[in-house]
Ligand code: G3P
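Only one chain comes next, encoded as structure tokens, the form predicted alone.
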């Protein structure tokens, strides 16, 4: 392919993504933010630089240019929605030190075998507020540690709403839907009530909300409870018996999702080419893949300047990865490093002008 043809292809894909996003979102129950570039979604906040799901992480993500910040939801014993990825507290807090002997055996993932741990649902909000949700990050990532992260608290969804205000949208994930349902806790009812009471039901503000889940059942319930909030099906699905058959992108899967949601959020490895994006787009879906963070993970970060096998730095690997999917034509994406997404988008934009 000639260089000119390659640039033309990049430009065409970016324009298609932007135009499609505007068209789809304008015609969906939620208008969402209308813009001419792929959405930057901060995965658990700027979680590559700060303790995930803390106010510090969300604030940093917004400073770096995030369009949306993500909140994973768990529920306390007294029914409060809190922002945490894991249903169990030990990985990101000092629950074991503060509450020794308070473990229970639960099976939030529905694997048929319970695991002992300090589960959020066994603690009141007052108890959870006693936990340090930041020091773990400093210990795990000394190259990114900051004194102010020590002592960070788990945030409630209401606290995040109050702190973020309208500086960014909220990309909320319903997690462990069946688990909480089995305990008599209706996460969707609590979520809708909280969003509505904060004014997001209004036409001018509902575009600040995405609701995502790996559970189709939860999104179908969300559609029934509050159609005004845009829904995104994460892939592969976690519903019983659906994981294997939803690992591959097919027209049938895209059509199914379009029946109850406005978007698809596949693991980025599922997208092999621009054709896979076209499959979703043809069904009228926006596409926000996850997670752009290179050779790092939530529990194992690396300095961005560290050279990896092959000679590239962690930073360059992340930039190249984002750039590849931008050329495919994604409508947005989840990243732990919001500033690198901005850089990659700007680089792509410069390439299209040459």
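Every value quoted in this text rests on a predicted model; they were computed, and no experiment measured them. Positions refer to the first chain, counted from 1.
One more form of this protein, predicted in complex with this ligand, exists but is not displayed; see below.
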How about residue 212 - does it come within 4.5 Å of this ligand in the predicted bound form, if we only consider non-hydrogen atoms?
yes
Looking in the predicted bound form, any heavy atom of residue 85 within 4.5 Å of this ligand?
yes
I'd like to check something about residue 89: if you look in the predicted bound form, is any of its heavy atoms closer than or equal to 4.5 Å to a heavy atom of this ligand?
no
Would you check, heavy atoms only and a 4.5 Å threshold, whether residue 238 touches this ligand in the predicted bound form?
no
With this ligand left out of view, which of 234, 253, 157, 168 would have a heavy atom within 4.5 Å of it in the predicted bound form?
234
Tell me which of 41-49, 304-312, 61-69, 322-330 has residues with heavy atoms within 4.5 angstroms of this ligand in the predicted bound form?
41-49
What residues, if any, in 275-310 have a non-hydrogen atom within 4.5 angstroms of this ligand in the predicted bound form?
290, 291
